[in-house]
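Coming up is one lone chain in structure tokens, specifically the form predicted alone.
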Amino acid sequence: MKKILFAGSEVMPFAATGGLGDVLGSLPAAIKAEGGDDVDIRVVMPLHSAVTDYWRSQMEDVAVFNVQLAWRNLYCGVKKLERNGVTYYFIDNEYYFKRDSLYGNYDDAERYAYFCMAIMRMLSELNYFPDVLHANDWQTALSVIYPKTLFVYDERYRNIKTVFTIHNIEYQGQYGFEILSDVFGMGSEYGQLMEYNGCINLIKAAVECANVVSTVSPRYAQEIRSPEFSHGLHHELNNHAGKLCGILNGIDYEYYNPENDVAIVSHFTSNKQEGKYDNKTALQSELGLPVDKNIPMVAIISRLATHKGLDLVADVAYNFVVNNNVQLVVLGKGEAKYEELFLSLQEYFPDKVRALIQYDRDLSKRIYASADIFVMPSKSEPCGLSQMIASRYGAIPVTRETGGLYDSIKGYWEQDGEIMGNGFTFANYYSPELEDRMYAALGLWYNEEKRQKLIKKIMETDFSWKSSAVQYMEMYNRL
């Protein structure tokens, strides 16, 4: 039986802020479903204060010990919960994890160094040493680095194969060298391993130590080897190109299911699409927009940031709303200039625009289920889940050909009367191209016969974890 341990800073449904939590909430269970009794799948995460009493009441205490982190001698409790055939471990230390937020604290380097060292100690305390340790993003980079440094003389750790997945290379865990010894507990002999461009870089060191470095889409694995996408790390990635691969993420088909989703008003399928328009009229009423199923609804659900393509949207939104009988619904928070842009559009066009400056998972699902067109023109996108979720709920995606958007959405065209592709795409980061594809999607929407065919194809595109789980199993087998 293969033993695989996932390490991550956030996991749905326990505590999550974004795509990383979604992935770690569904991928381990998908691999367990694929591997069955041949795999033992476990996940370890911090016991954040965001983990509710509902989940805490289902946990059992399995270990208590102290963690030595440089000069610190720190309490650690390990709690366990089993769900969908997967064992979840929670690292308990209220000093580090009883916080209002998962990230953005002044001592994040120390908090996640503690988490990684606690993982090392947990393996020994539970006498559980996985065949593969699969770490995710900079917060768990030290769990890949420690077995090759501080624990290298212990055969039990040295024999663990490691996979390090980069979900977003923009965040690399960069710190000054003063914490190498004082926080990470590592001597100067490891300075060269940890250094990149004059500072500690945790992703760089994890790339060197890991047996495999994966990303969340094949296209992104290529892109991050270039200066345009690497945030300075392309030299290191090109030096280790032989261990780099990309596997496209999936989405949880149970959680995102328009056929039985309790968060939406009316259920529907690819063959019975009428319920989608019932959802739209219900949302129009909820948001105070004119109630009319024949008005196409365009949606954006995103962090409101430039790299999400919001500057392109800013260029085209006003004219698109002015010149068309459409409704624009935007959900998300982010940079003040974009929040203000959409709020001002709502003020100018109260019957056409709603700016919902918030995060709300249930509301997002109601919007996905109501939207006719979903716009996602990212400047860079490691994988992206929103375009997959939108497709699952029958919204026609308009995306830019980058990262996982390129791998998941193919441009619409017709051959011998058959619809090809599953959305509308554009290549250059150029607002007229976005506008052109938005008009193309809008034009198709008004052709009811073609619209129904395209929505059926979009909804039946397989974005489940099944094919990705097979690829991960093949990767683990090669290790």
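All residue numbers refer to positions in the sequence shown, first residue = 1. None of the values given here were measured: they were computed from a predicted structure.
Not pictured, yet referred to below: the form predicted in complex with alpha-D-glucopyranose.
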Partner-facing stretch of 165 to 173, 141 to 149, 192 to 200, 107 to 115, counted where any non-hydrogen atom is within 4.5 angstroms of alpha-D-glucopyranose in the predicted bound form
165 to 173
Does any part of G309 reach within 4.5 Å of alpha-D-glucopyranose in the predicted bound form? Heavy atoms only, please.
no
is_contact(I458, alpha-D-glucopyranose) in the predicted bound form, heavy atom dist at most 4.5 Å:
no
Taking heavy atoms and a 4.5 Å cut-off, does L385 contact alpha-D-glucopyranose in the predicted bound form?
yes
Partner proximity in the predicted bound form: S391 to alpha-D-glucopyranose, non-hydrogen atom cutoff 4.5 Å:
no
From the list I224, A135, V216, C209, which entry has a heavy atom within 4.5 Å of alpha-D-glucopyranose in the predicted bound form?
V216
With the partner omitted here, the residue among S302, N249, S408, N279 that in the predicted bound form has a heavy atom within 4.5 Å of alpha-D-glucopyranose is N249
Taking alpha-D-glucopyranose in the predicted bound form and a 4.5 Å non-hydrogen atom cutoff, the residues of 19 to 34 making contact are G19, L20, V23
